[in-house]
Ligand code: BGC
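Shown below, as structure tokens, is a lone chain in the form predicted on its own; questions about how it binds or moves come after it.
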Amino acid sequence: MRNRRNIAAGLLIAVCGLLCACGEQKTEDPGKNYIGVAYYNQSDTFLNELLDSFREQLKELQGEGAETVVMVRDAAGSQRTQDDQVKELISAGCDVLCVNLVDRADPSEIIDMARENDVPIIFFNREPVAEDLMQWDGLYYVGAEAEESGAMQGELAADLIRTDSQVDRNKDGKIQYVILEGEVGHQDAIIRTETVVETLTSQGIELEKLSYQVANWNRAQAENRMEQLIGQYHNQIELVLANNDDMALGAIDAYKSLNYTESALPVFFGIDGTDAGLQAVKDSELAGTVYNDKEGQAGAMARISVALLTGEGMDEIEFQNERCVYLPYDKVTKGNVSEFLFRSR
């Protein structure tokens, strides 16, 4: 790549966030490196926390040497917009791209542009299909296995149902549940939804599905969907399973806005372990969540970025399938939540 001949030992990070001007051009400054970050939507709490950690961990790799500018772009849910933004980032002189795809099944234009300009890509959080990831040796992925998160959420819920008879409020031997799903057609949302139900059933929990609603990973949308479900099912809902913490918290917001008493609430489970989600577990609002290791993922992204910029250290990174890094999930309950609150701060 164009910058390797000019790289010194360490990195000093200067962050250029969402207000960076579109179409800015890189000057041929041998003292600077540029990392472009393109993500699907700035409203996603987990991704914002992951990017904060990415910046921080890049700083920890600093030393005397070249300055690295991080340029961030928000696609607001549009793949076409993201394609255009990646083109802008390449034109602005980015040496490495970190891309959180809007549509994981449609990365071809981004890959083609990057390959033509010899700019490697670290995809994160939303994994391209395997065939796309193998198109070029300058492509990497950092994330986690969605099936593991669904299984852990199911195990958390099964443990609570077995130990707390109050979850089955109507005492019919079945748990009436609803699911708040992340996004239509999104691989992780589908896998989390299917796996959590399969896990509960395999653990001997008898279930009765009342409904599921798509809330696009969004707290406000989840509150709206949950209010509709409450209006339809009233006190029948005993368990709320959400594909992420923001939607679980939105469901709780719906019950609060309708002034339900604590004894009339179902139990709620999320996934991701965002700061707000962890605090809700600590406050006994969420019964549990599944920690998606944003610090570990951010650290992997930072190490791969530095290795690509310096040409050193790639052999020290543990890849699966030659170019993927998967971080494990962890179960979070009130009993261990303090450990994860400490980790995320």
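Given the structure is predicted, the values throughout are model-derived calculations rather than measurements. All residue numbers are counted from 1 along the displayed sequence.
One more form of this protein, predicted in complex with beta-D-glucopyranose (BGC), exists but is not displayed; see below.
- Not displayed here, beta-D-glucopyranose (BGC) is kept clear of D95 by more than 4.5 Å at the level of heavy atoms in the model of the complex.
- The closest non-hydrogen atom of R126 lies within 4.5 Å of beta-D-glucopyranose (BGC) in the model of the complex.
- Contact check for N292: a heavy atom falls within 4.5 Å of beta-D-glucopyranose (BGC) in the model of the complex.
- H186 belongs to the set of residues with a heavy atom inside 4.5 Å of beta-D-glucopyranose (BGC) in the model of the complex.
- Heavy atoms within 4.5 Å of beta-D-glucopyranose (BGC) in the model of the complex belong, among the stretches 42-50, 303-311, 277-285, 316-324, to residues of 42-50.
- Taking a 4.5 Å heavy atom cutoff to beta-D-glucopyranose (BGC) in the model of the complex, none of the residues in 297-336 make contact.
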